[in-house]
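Single chain ahead, written as structure tokens, the form predicted on its own.
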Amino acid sequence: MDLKKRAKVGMVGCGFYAQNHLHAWADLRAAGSDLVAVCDIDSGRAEAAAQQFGVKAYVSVDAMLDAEPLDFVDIATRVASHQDIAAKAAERGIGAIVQKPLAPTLADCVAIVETARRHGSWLAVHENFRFGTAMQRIKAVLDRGDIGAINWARLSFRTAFNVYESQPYLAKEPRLCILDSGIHVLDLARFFMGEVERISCETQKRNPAIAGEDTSTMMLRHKSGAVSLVEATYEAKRLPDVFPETLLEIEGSAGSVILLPGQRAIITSRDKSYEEELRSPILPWTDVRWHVSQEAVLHANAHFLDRFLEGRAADTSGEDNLRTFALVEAAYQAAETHCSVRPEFS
């Protein structure tokens, strides 16, 4: 008899990016994931997802949470709705994975985390960049000490990909680049180099047709003494455009790691250098351009599932993600004041 633990999963949001979550949960069935229901305020989207994945469709979150014996929900809706949906799950003792950004402001993020804590509910944030194959393998290189003590890095997310076509609401967001993509790169800076003592930031709006910033250039002083440059923009006119890849250079006392387009890494370790291919195989439901992001969703969901079934906090738990979001808030403050800022959680 198979006694393997399993988790009943409900998906909230069936839009553009949620399709990757749905495919990931389907792929993780053998690992213990049972996707049983989907919910979207657009009944057509909910029904289409339900038919594709063989589950029940709902247009009301309350109806789904009350009718289905769920273990946790995966929330991939617009950011303004996260706090309300996460609270409804927590009040019913149902765990939640919330798409990044967790909330519009740090105060709202803290409220979500405190609500989950008050109800003893499991909470994770779907901050997926760090779970990509290349990023995990680079972290292993760093953790082994192959390049010595890390002292400097540049992490770059630079593209001109039209993000407004699939997500038109982004053009109206007063906070755009840092909150939408820069948050991913800031999380990677924490992942590789540890917590941050202070941050400086300059923002630009190079596209006059949008409301918020489309370019951010940040400098972080880490508690270790290391310094990192974190860049994010939607206005980098360059070919080839490597969207949605994050490129990086990390230097240490005994070597370096350089991640190039196509997920190729050049690793220098103690006067020896070699090149390594870090791209994982294309999955049946991913495509070449989006694969880096899509496979990171699969690996993130696998991590969440394992940790939930083990009764342990995720690496990107709600509490951990407060440190990443605090960098977002500090970056905006630094850009406004033209001064370096100490993040609230560090």
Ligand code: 89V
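Quick caveat: nothing in here was measured; it's all calculated off a predicted structure. When you see a residue number, it is the position in the sequence shown, counting from 1.
As for the form predicted in complex with this ligand, it is not shown, yet the points below apply to it.
Engineer: Using heavy atoms only and a 4.5 Å cut-off, determine which of K100, R130, R158, H222 is in contact with this ligand in the predicted complex.
Structural biologist: So the residue touching this ligand in the predicted complex, by this definition, is K100.
Engineer: Name the residue from A254, L170, L142, A265 that puts a heavy atom within 4.5 Å of this ligand in the predicted complex.
Structural biologist: Here the answer is residue option L170.
Engineer: Work out which of the listed stretches, 222-230, 115-123, 194-202, 181-189, brings a heavy atom within 4.5 angstroms of this ligand in the predicted complex.
Structural biologist: Looking at the other structure, the answer is 181-189.
Engineer: Against this ligand in the predicted complex, would Y234 count as a contact residue? Criterion: heavy atoms within 4.5 Å.
Structural biologist: Within the cut-off, so yes.
Engineer: Hey, in the predicted complex, is W152 touching this ligand, heavy atoms inside 4.5 Å?
Structural biologist: It does not: once this ligand is placed as it appears in the predicted complex, W152 has no heavy atom within 4.5 Å of it.
Engineer: W290 near this ligand in the predicted complex, any heavy atom under 4.5 Å?
Structural biologist: Looking in the predicted complex, residue contacts with this ligand include W290, since a heavy atom lies within 4.5 Å.
Engineer: Taking heavy atoms and a 4.5 Å cut-off, does A111 contact this ligand in the predicted complex?
Structural biologist: Answer no; every heavy atom of A111 is more than 4.5 Å from this ligand in the predicted complex.
Engineer: Within 4.5 Å of this ligand in the predicted complex, counting any non-hydrogen atom, which residues from 237-264 show up?
Structural biologist: Contacts from 237-264: just F243.
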